[in-house]
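First, one chain by itself in structure tokens, the form predicted alone.
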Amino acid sequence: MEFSSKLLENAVNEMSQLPGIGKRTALRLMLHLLRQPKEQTSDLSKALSNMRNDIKLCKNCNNISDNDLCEICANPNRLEDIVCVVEDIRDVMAIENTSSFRGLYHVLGGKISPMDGIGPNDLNIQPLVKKVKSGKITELIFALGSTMEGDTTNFYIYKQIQEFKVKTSTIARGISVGNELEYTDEVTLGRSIINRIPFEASLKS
């Protein structure tokens, strides 16, 4: 792809590094921005910079937040004793969109995957075990995707907390095996949360 401007080429190259955006799509976006008022591009640049520099991780659940506590953890109407364990923030958004869960979350930041060099110590697992040890949690819901890595992570956490008096459940398998939560429709995901089953039962299936 030939460019008449090095500035445009650099912008296209940077934009094309985003997932799902190739060089042609990046070029179309950059040419669109060039046709817009300069203020719009400045606002976009400022929003991206502010997001990258000022966004925080909730000190309680590891969700993204503007403050030390995210809006979910800071909400006094949420059930603090029920915690839903998810892979990343996209799963929090997916479950919240169902309006079927009123507890809190715990974001692991990934799944155990030896093939990718990701072990338990690379994830936000120990803070979760610490929460369970505190005795403030009555139920832990495993809501990781139905993949081998998700099941491995669920089982590892289950073994870490097995000695403590906490109910463990997993979302119902209305979600196809191998699917990620963020791509599941809201009705199916909502029903999977409501119709969750004891985790021990999922080990036998």
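Throughout, rigid core stands for the largest set of C-alpha atoms superposing within 1.5 Å between the two forms. One-based numbering along the sequence shown. What you are looking at is a predicted structure, and each value in this text was computed from that prediction instead of being measured.
Beyond the structure shown, there is the form predicted together with another copy of the chain, which is absent from this document and is the topic of what follows.
> Out of 145-153, 132-140, 46-54, 159-167, where are the residues with a heavy atom within 4.5 Å of another copy of the chain in the predicted complex?
Contact criterion met by 46-54 only.
> My question is simply whether residue 74 lines the interface with another copy of the chain in the predicted complex - judged by any non-hydrogen atom within 4.5 Å.
Judged by the heavy-atom cut-off of 4.5 Å, residue 74 is well away from another copy of the chain in the predicted complex.
> With a 4.5 Å heavy atom cut-off, would you call residue 68 a contact of another copy of the chain in the predicted complex?
Residue-level check for residue 68: no, no contact with another copy of the chain.
> Using heavy atoms and a 4.5 Å limit, would one call residue 15 a contact residue for another copy of the chain in the predicted complex?
Contact with another copy of the chain, yes.
> Determine whether any heavy atom of residue 79 comes within 4.5 Å of a heavy atom of another copy of the chain in the predicted complex, and answer yes or no.
Contact check for residue 79: no, nothing within 4.5 Å of another copy of the chain in the predicted complex.
> For 1-40: residues with a non-hydrogen atom within 4.5 angstroms of another copy of the chain in the predicted complex?
Read in sequence order, the residues that approach another copy of the chain (within 4.5 Å, in the predicted complex) are 1, 2, 3, 4, 5, 6, 7, 8, 10, 11, 14, 15, 17, 18, 19, 21, 27, 28, 29, 30, 31, 32, 33, 34, 36, 37, 38, 40.
> Is residue 129 displaced by at least 2 Å at its C-alpha between the shown form and the other one when the rigid core is overlaid?
Stays below the 2 Å threshold, so no.
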